[in-house]
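The chain below stands alone, shown as structure tokens; this is the form predicted alone.
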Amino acid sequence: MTLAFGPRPGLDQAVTSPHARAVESALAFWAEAGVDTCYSETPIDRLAEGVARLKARAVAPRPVQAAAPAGRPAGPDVSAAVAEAKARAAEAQTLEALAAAIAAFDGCGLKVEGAKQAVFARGNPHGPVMAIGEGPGAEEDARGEPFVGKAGQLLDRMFEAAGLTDRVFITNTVFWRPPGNRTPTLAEQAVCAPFLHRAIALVQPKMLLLVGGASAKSVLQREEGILTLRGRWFEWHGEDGETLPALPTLHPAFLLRQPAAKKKAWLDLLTLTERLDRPGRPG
């Protein structure tokens, strides 16, 4: 189950009670931590449920997939879209060409779900750090650059305090705004991944900073929540055998909701800069 906490027309304006805001903040905290279930008020015998499901699976006939109704397109062919993205990405020899290839790409459904334009990247194309976020929001969709809203402004201040200004190239796992600022699906991230991998190949950063749980899970192919992943070094493996150190950290949007967590994010940046500027660091 995915929990989304993006703008909700007509509802956010009505939630003015401090108690309501506290509940919403708590829910956002647990969702970011990877919690997607909760206890019910009455006990449930999970073992009995599992046995019943196994029995039903053993006797139930294999369902026949219904054809799409006339006039309604079938679901997206993810494998074909990924193959097309790989081909278009491979042709791009510069970041400018890659940005144009992304803008012309029609294989990601987000492009036709209300996004105004493709949002590729900003920052230093020769920077030693590539920061990879989740996806563009409303402000990013309007301006065509990632991390330019309130969360992005906080991220820039954090980079400045850590001495990383002009040393970071910033992009996302998907390049079109998901409707309602929801979390992008794994399929949407998979379709955009070839463009992200090509950006890594063109920029050639020394390390990756994975901003938020959706980014860390997608890039590292892991299932843990961000509070488990953050502050730990992992290795990103490219399809051509290249590897890069990758450090997950908390998303600045989460920090705006939970200011007490800024200390953890600050420690993550100090960990990154220490490794980046370590004397004798290879590569």
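Throughout, we count residues from 1 along the sequence that is shown. This one's a predicted model, so the numbers in the text were calculated from it and none came from an experiment.
Not pictured, yet referred to below: the form predicted in complex with a small molecule.
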Have a look at G123, P205, G137, P194 for me and say which one sits with a heavy atom within 4.5 Å of the small molecule in the model of the complex. G137
Heavy atoms within 4.5 Å of the small molecule in the model of the complex: which of the stretches 143-151, 156-164, 110-118, 186-194 has them? 143-151
Residue-level question: is G133 within 4.5 Å of the small molecule in the model of the complex, judged on heavy atoms? yes
